[in-house]
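One chain comes next, on its own, written as structure tokens: the form predicted alone.
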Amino acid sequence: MNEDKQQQTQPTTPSDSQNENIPEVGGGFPVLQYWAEHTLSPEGFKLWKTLLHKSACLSCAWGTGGQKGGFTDEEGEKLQRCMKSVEAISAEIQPPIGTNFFDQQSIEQLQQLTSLEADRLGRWSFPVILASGNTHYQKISWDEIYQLAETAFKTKPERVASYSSGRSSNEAAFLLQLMMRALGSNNLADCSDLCHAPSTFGLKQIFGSGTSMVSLKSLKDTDCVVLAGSNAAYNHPRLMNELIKIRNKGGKVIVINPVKEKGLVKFASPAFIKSLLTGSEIASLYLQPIPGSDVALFVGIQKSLIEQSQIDQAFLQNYTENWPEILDHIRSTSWSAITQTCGISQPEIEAAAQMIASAPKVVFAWAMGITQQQNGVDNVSSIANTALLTGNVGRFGTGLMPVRGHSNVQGFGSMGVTVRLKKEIQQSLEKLLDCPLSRVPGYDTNALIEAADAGQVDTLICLGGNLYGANPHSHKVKRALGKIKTIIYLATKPNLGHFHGLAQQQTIVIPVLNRFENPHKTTVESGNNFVRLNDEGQTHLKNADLIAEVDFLTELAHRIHGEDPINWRKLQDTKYIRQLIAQTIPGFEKLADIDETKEEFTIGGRIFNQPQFPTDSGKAKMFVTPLPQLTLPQPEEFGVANYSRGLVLALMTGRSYAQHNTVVYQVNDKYRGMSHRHCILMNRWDAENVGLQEHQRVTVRGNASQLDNIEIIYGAIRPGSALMFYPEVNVIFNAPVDSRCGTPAFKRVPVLVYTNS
């Protein structure tokens, strides 16, 4: 079914759910209630101890902490903790898994657990192994672990790979990539491959730097924020405080999201008394485009800016390349093509353009609704083009700000955990290792799964994360991981990957200390390029057999590589790792003496308050962004022989209110009226137009498999679209990827929703 034609018969205004249990505003007193319940509970002492510990927040990249104190952000503002902090800490201070637990629970039984149930098993407190032919995890000694790991890594370098998340430290990340590259392997897959790789790739090719160019201080000075493809009210609550401040001083917020999220319309922040009592208006304008059509929307904004004579011609001439080609492309693109592709009317687009043009300073922010698309890089480029056309780059209070997810996911990229290593870092590492690095292209996460499924990977080490749960096509991922001979997981808590992502010969789980328990000082990087120093800590787990990630990686590297040219065991003192980082990673020079100075810092060369960029020409390089060709399959293409009622929709996968990455803390989502995780959020018109009703149970089929007994919930979602919860829905689809960076299109999954009753 062609979506252009489909949109002509659908209502232009999404209908709200009539569920009376949905709050009128996001945040508010329920957040305070959650805090009270947890901080006054039996776990309260451990919770407060951790909240006050001088270490960075475990949750999102907007987190607080470090040397300024547990509740303090990089600008020194106090009382900046959010509910997600408490959720993450509460999960980490759980009791240990019992020593006899795995004697009683087989792998088959553990595979029946949900993400929430797996997380609630408690903390990993002793190392275990599942050997081929066994039905239960069994304890294993450290000597055995090192022997098995050393043997597993002594294979062809191209058959060894790693996967990582942003849970760990810069020091562990640097060690991981150094160990792998010294081995001759560039297979450094990372969770960012699945989410923000288009941001890094796109910004790098345009500006020469792949991270946010907006500091927190700069954000506070802006007059308008364009927030696209983000549900910050759920996933980055502290960002909401900044949006409230911007609105309070008369600024504007334009929200672009196919789902009208309660917290992005109105949010009650406990940080402000008035906001807590009455709620704060967030969106000045809320646009709900067709999933995957963001390029068309931004080209429409650009076209309107040109027609309103609101582009900064002098800025384009002085500070950008390829701008004439961009203007030609915009002018030659018809309004009918734009509006039919994105589903937003010309007057609405013109209103957004006027709001941007009238603001002296604009910040453009986005998250995975923009990047998890088949044209994610084009989406990022189209946002950048809009900023450049209006001169909203290279000035304080302006710029581009990808909103990162995990608390140190950006730090891993900075440390060289990437398949696209910067030339400067490559040269520094070659000098450090006294040998050339391999030029064989490495596997990103999608390529890693494909290679494993083809039998081309023997050994995999996972530094945090949930490789099984985070990828689309769960059955394929399980099969692919099952062809790898040895998988080693370093983890603090169980997740579904430890029970489904099992190796062919041996799966080893190594229990590690988390950020606030670590016996070493470590550092992390925020999404706004700010480096935090974490103090040492102690674990609450008594008589547990845990290890610091740095200690494990250095010992493993020593056994693999010996002492030439790196004395790996010396690096068990993280001070020496920081000195190596300062020598090899541009912008991290201050890390060399941070142990003495305690000076946290903003990484050099990334915040652009002048329109001078680290490209070959010193100018920003603009790219033409073609409109996507968006169509949906015909119902018969899903291979369903007979059904009584049904329709094809563009499904978005998303997190629930109380969820962090693949970790689920609560089964319900009160802000969307979804009381459990086996729901599909639909527009009322879509459902009733084909004879379906709210709370009816349906089958949802993708291109890989289907889920049955899914409950329909009505919501304020774009007609022709739907939303289901990740990671559970991953099983039904095999997503296309952006060919430039391998990120899957989680936010546009064609599905057939049907019933036989």
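Residues carry their position along the shown sequence, with the first being 1. Just so it is clear, the structure is predicted and the values come from calculations on it, not from any experiment.
Although not depicted, the form predicted in complex with a small molecule is the subject of the following passage.
The chain is drawn here without the small molecule; in the predicted bound form, the stretch among 463-471, 138-146, 346-354, 103-111 whose residues come within 4.5 Å of it by any heavy atom is 463-471. Within this chain, P198 is remote from the site of the small molecule in the predicted bound form, having no heavy atom within 4.5 Å. Taking the partner from the other structure, the small molecule in the predicted bound form has a heavy atom within 4.5 Å of a heavy atom of H406. For the chain shown alone, H660 is a contact residue for the small molecule in the predicted bound form, at least one non-hydrogen atom being within 4.5 angstroms. The small molecule in the predicted bound form is approached by N514, whose closest heavy atom lies within 4.5 angstroms of it.
This chain is displayed alone, yet in the predicted bound form one of Q506, Q177, N257, S209 has a heavy atom within 4.5 Å of the small molecule; that residue is N257. Comment: the small molecule is not present in this chain, but in the predicted bound form one of G399, G369, G501, G300 has a heavy atom within 4.5 Å of it, namely G369.
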